[in-house]
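Just the one chain here, laid out as structure tokens, in the form predicted on its own.
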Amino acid sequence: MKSRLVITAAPTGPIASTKDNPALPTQPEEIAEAATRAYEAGAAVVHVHLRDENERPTADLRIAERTIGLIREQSPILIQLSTGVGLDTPFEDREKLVELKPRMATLNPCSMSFGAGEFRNPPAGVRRLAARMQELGVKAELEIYDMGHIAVCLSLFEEGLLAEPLQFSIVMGVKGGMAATVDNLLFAVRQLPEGAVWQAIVIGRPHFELTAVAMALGGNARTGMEDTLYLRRGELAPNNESLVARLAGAARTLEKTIATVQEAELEFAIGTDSR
């Protein structure tokens, strides 16, 4: 069981708005500030969703470039750019984001129902995106919302479109995907190939408890306002760093060592940043 833990901060997401929590960062300057504070609280990775001036999810390359630039100016935190963006953003627009060469980016292997909407990830587009990410040296974060998604990722690996170590995010709590239960987490972890790196992404009320279970099982961990708007029951999170600090405290209680950026680079085998 590994003792070192990589914490990822997901400060924004595609769903919530400042009406849900006024502290949610949505603009490039706010997201960069949240990334910096999360890094100071123990996060080695920031998972970045982009919003326009009206808080709507966007794949606008100018907004993406500004956000990435601001984050890089302020801290060495690893940038993991979401190509999921939002349910209404065409896949062809989403995949262009990797041309900005973030250190990491999401690769969602399958289409699915997502709440009241539809999350479109056409097989040909996914293969094209995986190939382009390899060409650009962008590490794929494989977001798994259901058990069958694992098999699709393994097929992409067999085709030579993914590099080891495979990096899985087991997403639970989205309506249309896996329910957030210990049984589902255990079953998913057992399906992962030997040598895979993984973390749990737990959406909603069981976020903290089930993330702690994942840490105890040897997984990495993610937190932030994309996953939960609350610091504890009935109390809105005042910022993202408070969520990171709470998770880091739980990790230390479990006698986990919080990974640095350099240690996270080794964990994910993404090399050093020359930019």
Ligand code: KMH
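Since we're looking at a predicted model, the values are computed, not measured. The first residue of the shown sequence is 1; numbering continues from there.
Although it is not shown, the form predicted together with the ligand is what the next lines describe.
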Next item on the list: Among 157 to 165, 140 to 148, 67 to 75, 125 to 133, mark the stretch whose residues have heavy atoms within 4.5 Å of the ligand in the predicted complex.
Entry: 140 to 148
Checklist line | 4.5 Å heavy atom contact, Trp198 to the ligand in the predicted complex | finding: no
Margin query: Taking any heavy atom pair closer than or equal to 4.5 Å as contact, tell me whether Arg51 reaches the ligand in the predicted complex.
Written below: no
Check: Does Glu226 reach the ligand in the predicted complex if we count a contact as any heavy atom within 4.5 Å?
Finding: yes
Item checked: the ligand contact in the predicted complex: Phe119, any heavy atom under 4.5 Å -> yes
Check: Can you name the residues of 85 to 106 that have a non-hydrogen atom within 4.5 angstroms of the ligand in the predicted complex?
Finding: Leu87, Thr106
